[in-house]
Every structure is written in C-alpha cells, then in structure tokens.
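Read the single chain below, which is given as structure tokens and is the form predicted alone.
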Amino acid sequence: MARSTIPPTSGVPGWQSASPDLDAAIGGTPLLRLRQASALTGCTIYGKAEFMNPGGSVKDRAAAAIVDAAERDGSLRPGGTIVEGTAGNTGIGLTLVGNARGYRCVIVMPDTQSREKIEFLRTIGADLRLVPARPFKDPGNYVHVSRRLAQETGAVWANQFDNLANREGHRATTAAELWQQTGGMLDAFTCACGTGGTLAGVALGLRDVATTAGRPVPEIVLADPEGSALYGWVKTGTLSVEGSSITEGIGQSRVPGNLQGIHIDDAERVPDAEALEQVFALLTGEGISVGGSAGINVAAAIRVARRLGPGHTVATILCDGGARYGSKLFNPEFLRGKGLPVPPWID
C-alpha cells in the first residue's frame, strides 16, 4: 500500500503538527516534567510520554524504523509478511504499521505476557502464536521460534534485538526530540533495555547533537530490573544475574546487537517494589498511567538525580500505559502472590 505523500503542516512530527497518516504520527511525543520526582531531588526530571504513540508505546518507533529499513533494502515488498518475536509492544507496533502499509504480521510471544497485550494483538489482526516462556539459550525461546518461522515461510524477520535499524530510528528521532525539548540542557538520560534500541539510539543521537553544539555529552545510565544481566555487564563486564522481576519486555541474559559498541556511563538495578512505588505515585499524584518498565525508569532517574545533585536535568522514557497491565500491576491477588505491596485504592 502506498504511503501518503501529503506533507505535515510543519517540520515537527507527531503531536505538534497535523499528520497525514499513522506513520507520521509516530514520535513527536510530549516531554512531561515529573513534579514529584523533581521535588524529591531538587532536579528537573522529565518523562518522555511514549505511551502517546499511536500503538501506545515506545516500540512504535522501532517498528516503523525496522519496516522502513526492510522496504529500503527490498526485503519487504507489497503484500509481504513480517514475523517477530516480542513481549508484546513491538508486535503491536509492527502490526499497526503493517496494517497501514499493507503487510501481514505474524507475532510470536511468550504466553506469560499480560492478558491485555495478548487480547489487543488479536484485536488488531496479528497472527499471534503463543509459546511457553523459555530462556534465550533454549531453542524454544520465542525469538528463535520467530526466526525459524520467518526462514521457513520466506517472510521478513524483524529481529528487533539485533537489527540496528531499531537504534538508528531512536538516534534520528528520540534523541533529537529530547535535545530540542530540553533546549540542550540535559545532564543525564536513563532507561531500561529489552532490545537496547532506545538506550543505544538515544546515546548515539545525544552524542551527535551535543558534540555538534559544543556542549557536554549527557550521561547515559542503563536502568535494569532484577533478574537481568545487563546491570552486571555495565558495572563489571560480566553477565551476572540477581533476583527476578515481574516487568515485561525489559531485561536480558545477553547483550543484544543494538547495545554492542555503545558507551554506557553507569547502571542502576531497580527492584520491583521500588518501581511499583513510582508507577502508583505517578498515577495518583500526577495522573500519569504507566507500566512497570516506566516505573523502573523513573526510579532510576531519581537515583541518578540524587547522585548528580540539585539543579541538574535528567530525562527518561515512559514506555507504555498502565492499561496494558491491569491483570498484573493493578491486580491485588497478583501483587500479593509476588510478595509486592498493594496500594489501598485498588485493594
């Protein structure tokens, strides 16, 4: 399906201009000052509202960038099929972008992911294949299943973890927006990694624009849930794992291709209880509804701000909305079963 040739009404994408189609509405998300986190630290802490993308998450950017690259190199042609292994959000982004451009999407996902994401993928027309949750080293891991399925059917494998189009999309858009929205006054950026595309792309993009502007390069800090090896990789160079997490779509037992060769200044390991404290505080105190990965990001941003000291500016990513996790993060029975605190307003 041909993409619209109608130009937007200004040079700024997304929410700040009229968009001729869904693709043009991806990105350009607001940067929200987080009042409570800022007050706690004496810094200015911002959250980039990626839940306001058309598909409801930061993964819309990766999906569009991956499809763009496949179209450019000729591997994805009209009427083609895209296959991907995903925790959900990239599958949603790919399916919506695929719908807009005339592609079929086959999504392979662990059956442990939230019911809301599973149901939404089916609603928007994804050919959803649920598989048991298995570690990456297992051939039955959802990523490996998706790769084999793409090979067997001749489809395009999105390969979001190792496809550098993912991070390049963030380099060109997310980083540029953060720099513009903060007026170049940004001291640090932190976010969690699943594919690593967001952190890596923003790190590369901020280095580009800061160097061009003759300003200090913002500090890049990886936020990691317990049960992930990336914190250990940044801190000690070893893929050490500690604990476990209920968060979805972030954390890794390996270093994805998108993270390789990227300079990361520091890392923070955030337990679920600390992340949930931020999820609930954002909702009840500021009216911002987010999922668990955003809670980890905000908790890490607060830690970074406290270390830097008052007067600094820290930005992070509000990855997706809380509505995708009603059966987990906002379910008293689920939380108690994991030994996590239950806020009184949902009990």
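Remember, predicted model here, so these are calculated numbers, not experimental data. Note that residue numbering follows the sequence shown and begins at 1.
Not on display, but discussed next: the form predicted in complex with a small molecule.
Exactly one of the stretches 248 to 256, 148 to 156, 235 to 243, 179 to 187 approaches the small molecule in the predicted complex with heavy atoms within 4.5 Å, and it is 248 to 256. Checking 228, 89, 95, 174 against the small molecule in the predicted complex, a heavy atom within 4.5 Å turns up for just one residue: 89. Between the small molecule and the residues 192, 206, 275, 107, the one pair within 4.5 Å by heavy atoms in the predicted complex involves 192. When contacts are judged by a 4.5 Å heavy atom cut-off, residue 34 does not count as touching the small molecule in the predicted complex. Interface membership of residue 196, defined by any non-hydrogen atom within 4.5 Å of the small molecule in the predicted complex, is confirmed. Taking the partner from elsewhere, residue 320 is found to have a heavy atom lying within 4.5 Å of the small molecule in the predicted complex. Although the partner is absent here, residue 293 sits close enough that one of its heavy atoms falls within 4.5 Å of the small molecule in the predicted complex.
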